[in-house]
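Next up is one chain by itself, shown in structure tokens, the form predicted on its own.
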């Protein structure tokens, strides 16, 4: 939109902008309705005892009181954040390493880039099915390879002790290329002058990385963290395909618990309270990371 002269009155400014506002109004209204209606509906359902097939009853904050006394809710929150921190840390570290590797003009880097980014193109359901077969304790090739090198078989997805780490590894395998793409774009946008000056001053490669690359790349790292945080806190599809929250509740995140509560036990009111709590957590972490990003811009 063209900037208006400073001498134009406010009324004239609005008059000139009115045609543009009318053009974007339908899309803006549609977006607001499609976003606000589901949220308001979830808030409404979270204050009611609503079992599918029966009449809903207003219960106020009873669903939230039940949630705070529910051990599966607290277990789900622990699993959600454990998966979140394990996956995010691994994806940022490995993604940064791969981005630096791809940024260098190495022979065969195009082929390497294609191979490394291929998991990102796979649907999560297909990824879950693939790893379910690979990690099968009876005929999975991963356990076969462990036996070849003299190690014992592992249950992986069926082990309460290993299931969270295994799911974090699967998500890291699939979505590290996404982080790599963001950080690779950040690396390619870095100025050359600080590196030239550091090289003249005799700085080592490690010193250039810690003192120049990492500080300048911080906005890209925070952006990747924000985008992955939104997905990781809502982690569902791969978990549901591979473990369905098992064994027991060892991999039951808040998302899995809310789905099971709403669509298996048909308690939509309590499930709405769980999902609303998860949404608030996602928004809080997103706002926090956005604040950190603005601080370093």
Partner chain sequence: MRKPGTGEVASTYIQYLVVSIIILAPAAWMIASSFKPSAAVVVYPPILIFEPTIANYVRLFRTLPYLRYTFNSLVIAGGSTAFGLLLAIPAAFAVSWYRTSWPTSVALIARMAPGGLYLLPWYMIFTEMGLHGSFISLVLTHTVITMPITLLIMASFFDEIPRELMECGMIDGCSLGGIIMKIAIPLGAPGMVVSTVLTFILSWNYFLFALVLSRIRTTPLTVAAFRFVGEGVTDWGMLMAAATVLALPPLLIAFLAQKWLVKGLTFGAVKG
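Numbering follows the first chain given and starts at 1. For the two forms, the rigid core is made up of the largest set of C-alpha atoms that agree within 1.5 Å on superposition. Keep in mind it's a predicted model, so treat the numbers as computed, not measured.
Just so you know, the form predicted in complex with the partner chain exists too; it's not on screen, but the next bit is about it.
- With the partner removed from view, the residue among 157, 98, 217, 83 that has a non-hydrogen atom within 4.5 Å of the partner chain in the predicted bound form turns out to be 98.
- Residue contact with the partner chain in the predicted bound form: residue 62 places no heavy atom within 4.5 Å of it.
- The partner chain in the predicted bound form is approached by residue 230, whose closest heavy atom lies within 4.5 angstroms of it.
- Interface residue remark: residue 122 is counted as part of the site for the partner chain in the predicted bound form, having a heavy atom within 4.5 Å.
- Shown alone here, residue 161 lies farther than 4.5 Å from the partner chain in the predicted bound form, counting heavy atoms only.
- Picking from 69-77, 163-171, 140-148, 84-92 the stretch near the partner chain in the predicted bound form, with a 4.5 Å limit on heavy atoms, gives 140-148.
- Taking the partner chain as it sits in the predicted bound form, the stretch 46-67 comes within 4.5 angstroms of it through a non-hydrogen atom at 50, 52.
- Once the rigid core is used as the reference frame, the Cα position of residue 283 differs between the shown form and the other one by less than 2 Å.
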